[in-house]
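Below, in structure tokens: the form predicted alone, a single chain.
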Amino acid sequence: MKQLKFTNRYQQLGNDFYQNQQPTSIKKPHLININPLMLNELDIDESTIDHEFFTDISSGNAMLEDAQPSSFIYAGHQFGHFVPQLGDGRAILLGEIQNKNGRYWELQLKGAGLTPFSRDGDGRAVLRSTIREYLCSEAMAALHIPTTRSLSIVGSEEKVFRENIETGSVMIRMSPSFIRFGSFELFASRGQHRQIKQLADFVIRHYYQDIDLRSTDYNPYQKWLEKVVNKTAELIAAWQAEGFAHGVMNTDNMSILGLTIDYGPFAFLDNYDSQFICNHSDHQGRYRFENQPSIAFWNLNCLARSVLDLMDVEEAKQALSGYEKDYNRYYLKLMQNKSGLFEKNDKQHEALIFSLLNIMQEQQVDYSLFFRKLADFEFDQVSRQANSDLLELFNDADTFNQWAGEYHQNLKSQPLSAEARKEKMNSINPKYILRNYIAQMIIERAEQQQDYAYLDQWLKVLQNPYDEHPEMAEYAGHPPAWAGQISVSCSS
């Protein structure tokens, strides 16, 4: 860890974009987990780590020599209402590391104390919410969904008040950048035109390097907005295909790089339910599962309005116009692959897939279980036992069998053998997802028993979700009845 050398490209923008902020020390920190995958990204050999020093750095109780800790300022639309100033209320950027492959990673402490943007908060994170984000960001990465990442968790004896008294925790999360839609909205709301251009130039120069800022053949800012629209469409399509509900799709929680960011009351679907609301604070259902694609587009419109200094209205409309087509293309392709329909036949497959989703909703079919078991599909006109594992997911076997007949006709046009199709589908449809009840079990062991080995065991499973992991097979089936009683909110 001592060999890490920080650069701070974002701070070169000037103090309109951030404020320097030292972390606040936390009581008796202890190391809970280090993520080997992200250590490797930082070119750190785990065997060389001084764990006491690493704990101090990861908790914010000590600082690396060339770190310049700071918190970002931004605004955002929260549940549709504009809030003119938000910012990193409990996040402190340590700096940016360039690894040996030339990739940059920003390292951010989450839960390291008050910042200038904490408002009425305490700047702390509780162990419960830290574990949820730590595991889910790694699970998402393994599912090939763009996301921020997790490096470490530190526990403590710090008392933090939420609904109850809980213990404080600090995690280091990593991202190529933590810039959000709300970063642009802040300066637009203040009429700070120079800062809008300055930030856009920075983002293009460092993260959209195929765009030529000096081009006279096209407006580089329009081209950039088109790419943000495309990345966002691709991200949301992946969420929908994998059954992931974010819960708080405010514009300040939307990454300018198309990453999943700011994990709070997230959930993966158990039974397929397009109306699913994972955040019990979302009383109007604004961010229910089926709304995520349209909310993302609404958020992109907010971003487009905030950068109209850089393009005219028609150019902005043109950039936005690709969203629906991009989203539908990405989503259909993902769902075709999940269904084992790898050869293109979009219209026919689309009808089949949406028919399936309607059936799954009506029959309350477990989403992840169904697609994992679909790899074993066999069609027998006479015997229904061939698909007994699939049939047990449905209340009405006849409804499934009718769909299965159409599915079989589509499969016959596919060139893969049944065995090759199964292998390919099992590399796409996870056997293990971070269901809320699993996260709750991990949290309870950590909080009540200080059992962190269980967390580490699940980290390894979630980083390899397509593998069998026979020792964990009981968690690859239906969730227990009590899972439906779990409630998560913005404090989760």
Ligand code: AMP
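Start at 1 and count along the sequence shown; that's the residue number. Quick caveat: nothing in here was measured; it's all calculated off a predicted structure.
The same protein has a further form, the form predicted together with the named molecule, not shown here; the description that follows concerns it.
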### Message
Considering non-hydrogen atoms and a 4.5 Å limit, which listed residue (414, 230, 301, 78) is close to the named molecule in the model of the complex?
### Response
78
### Task
Go through 242, 96, 262, 270 and name the one with a heavy atom inside 4.5 Å of the named molecule in the model of the complex.
262
### Task
Answer with yes or no whether residue 252 is in contact with the named molecule in the model of the complex, where contact means some heavy atom within 4.5 Å.
yes
### Exercise: residue 89 in contact with the named molecule in the model of the complex, heavy atom 4.5 Å
yes
### Task
Considering only heavy atoms, tell me if residue 123 and the named molecule come within 4.5 Å of each other in the model of the complex.
yes
### Query
How about residue 192: is it within 4.5 Å of the named molecule in the model of the complex, going by heavy atoms?
no
### Query
Tell me which of 144-152, 291-299, 111-119, 387-395 has residues with heavy atoms within 4.5 angstroms of the named molecule in the model of the complex?
111-119
### Query
So in the model of the complex, are 74, 162 and 248 all sitting within 4.5 Å of the named molecule, heavy atoms only?
yes
